[in-house]
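The data below hold one chain only, encoded as structure tokens and taken in the form predicted alone.
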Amino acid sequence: MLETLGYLTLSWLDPWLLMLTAAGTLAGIYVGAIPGLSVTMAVSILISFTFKWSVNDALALIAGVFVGGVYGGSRTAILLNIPGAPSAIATALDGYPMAKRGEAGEAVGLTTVMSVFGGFVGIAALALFAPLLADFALMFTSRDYLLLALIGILLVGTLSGESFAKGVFAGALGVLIGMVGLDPMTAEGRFTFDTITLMGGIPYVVAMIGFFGVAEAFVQLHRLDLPAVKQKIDRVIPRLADLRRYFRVALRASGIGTVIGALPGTGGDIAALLAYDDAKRATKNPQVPFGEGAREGLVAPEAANNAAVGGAFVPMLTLGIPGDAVTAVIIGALFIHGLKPGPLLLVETPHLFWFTVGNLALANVFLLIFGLTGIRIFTKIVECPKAVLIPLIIILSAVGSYAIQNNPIDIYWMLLFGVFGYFLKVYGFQVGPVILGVILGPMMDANYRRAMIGARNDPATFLWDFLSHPISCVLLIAFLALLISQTPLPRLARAALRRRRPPDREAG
């Protein structure tokens, strides 16, 4: 017991490891806030110059960057409507409207506290239930991941205001964009028009920057005469009453994030989407409607995507299977240092498991400290005159797009998606579902193909597998219920019940 406690607190008591974790968390926040500079990219670069370090030093720095980077994307999502990472797309839906009302400081403070809360829930699940969650994650098959992707694509319709049809169209458009490139099974070109440029596909980060950043800049050209909104920074730390009010939402979202993060190949973006939809359905009377600055719309995705960090470490440490792209890179780092992630890790090197748990907890503490500082400087971005801010957004978008692959073609894609996104916004379409479709489309495609191969390409066997396996059956029921809930059928059923109900008798 004392030995385990020593490994848990190693980073807390060693000044050098403490400094590395702090530096990694701070760097991760600012890397995550820059569109185009992903956490995966930052961790990959770190491995290239930390492979000669001790494993503790390398993991301390990497864990800090991971935790800070997942949170950092919310900063630009709230202030500029440009998510720094896919996991912050849902945050922009209500964070940016709050910034336009002058409540950017409150929005950033609330997301910081709830991100830290979600992070600790995920870490607690990692420490207490790692073997159990790993066994549950192993039970998911290609059919289940297909249904998860379909549910995600269907959920985007609920993020599109009053028109479910527009949301589904936008999500399908994103899936179409995500299909560009070589077929993952046959290596044949799809929608490439026999050009080498399109064979590698379209990076979703480029599409995200174009649809969010550049499109928003073009929309703001219609509002150049409007004065900049002065932000209220008198209160950054959320009130205790607010934390109590949103505690249940944050706890539910953290649970969703932990479970989704533990599923190999998913990650914080899907977790944030599912948590946002859950909060939207569970919150009956929000103070502000969702999509217009509802605080529940900030709490849920931010708690979920940070909880997914702890969840993603579960299959990585216990099974040697990456929970997301970042943990896939971290697995490579562990192999470089002579370690073998998998079932024997807890037996052969238990100190590494508990060191990771303690290090992630320390990174969350630094996230709270750094997340609640520097907000006044960040919020000044929103108060800049639009004549200065709009060119700056476009320049940063171009730099972020180019930085992904050092390819100037990506800048043209960014501008094209920006113009396309501008017209979508003008005609009442949301661009968030498009990006979520780009991300979830390849996952849906690959898992559908694997499921069909497992069913020997027999449609009857393929459909029967959905009904004969418990997890698949539950997910299928959830998918059908979600689909029916977005049709007029529930409303017509309620109206029919009201007509059949006998009128109340008058008293007396």
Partner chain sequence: MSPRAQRRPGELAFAVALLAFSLWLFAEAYKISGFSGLSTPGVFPMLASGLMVASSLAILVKVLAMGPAGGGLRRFLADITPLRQAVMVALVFAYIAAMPYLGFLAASGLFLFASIQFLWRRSVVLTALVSLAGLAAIHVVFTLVFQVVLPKGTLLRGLI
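Numbering follows the first chain given and starts at 1. Please read all numbers here as calculations on a predicted model, not as lab measurements. Here, rigid core means the biggest group of C-alpha atoms that superpose within 1.5 Å across both forms.
What comes next is about the form predicted together with the partner chain, which is not displayed.
The stretch in contact with the partner chain in the predicted complex, judged by heavy atoms within 4.5 Å, is 406-414, chosen from 308-316, 282-290, 406-414, 354-362. Taking non-hydrogen atoms only, Asp465 never approaches the partner chain to within 4.5 angstroms in the predicted complex. Interface residue remark: Val419 is counted as part of the site for the partner chain in the predicted complex, having a heavy atom within 4.5 Å. Contact annotation for Lys340: none of its heavy atoms lies within 4.5 Å of the partner chain in the predicted complex. Proximity of Asp183 to the partner chain in the predicted complex falls within the 4.5 Å heavy atom cutoff. Highlighted residues Glu103, Ile151 and Asp242: none comes within 4.5 Å of the partner chain in the predicted complex, counting any heavy atom. The single contact residue among Val236, Leu80, Val116, Leu146, judged by any heavy atom lying within 4.5 Å of the partner chain in the predicted complex, is Leu146. A heavy atom within 4.5 Å of the partner chain in the predicted complex is found for one listed residue only; from Met199, Ala124, Leu372, Ile394, this is Ile394. Shown without its partner, the chain has Leu415, Val419, Phe420, Tyr422, Phe423, Leu424, Val426, Tyr427, Gly428, Phe429 in segment 415-438 as residues with a non-hydrogen atom within 4.5 angstroms of the partner chain in the predicted complex.
Relative to the superposed rigid core, Asp57 undergoes a CA displacement smaller than 2 Å between the shown form and the other one. Superposition on the rigid core between the shown form and the other one places the CA atom of Ala275 less than 2 Å from its counterpart.
Once both forms are fitted on their core, the CA shift for Gly293 between the shown form and the other one remains under 2 Å. Relative to the shown form, the CA atoms of Gly210 and Leu274 are pushed 3 Å or more farther apart in the predicted complex.
Relative to the displayed conformation, the Cα-Cα distance from Asp94 to Gly441 grows by 3 Å or more in the predicted complex.
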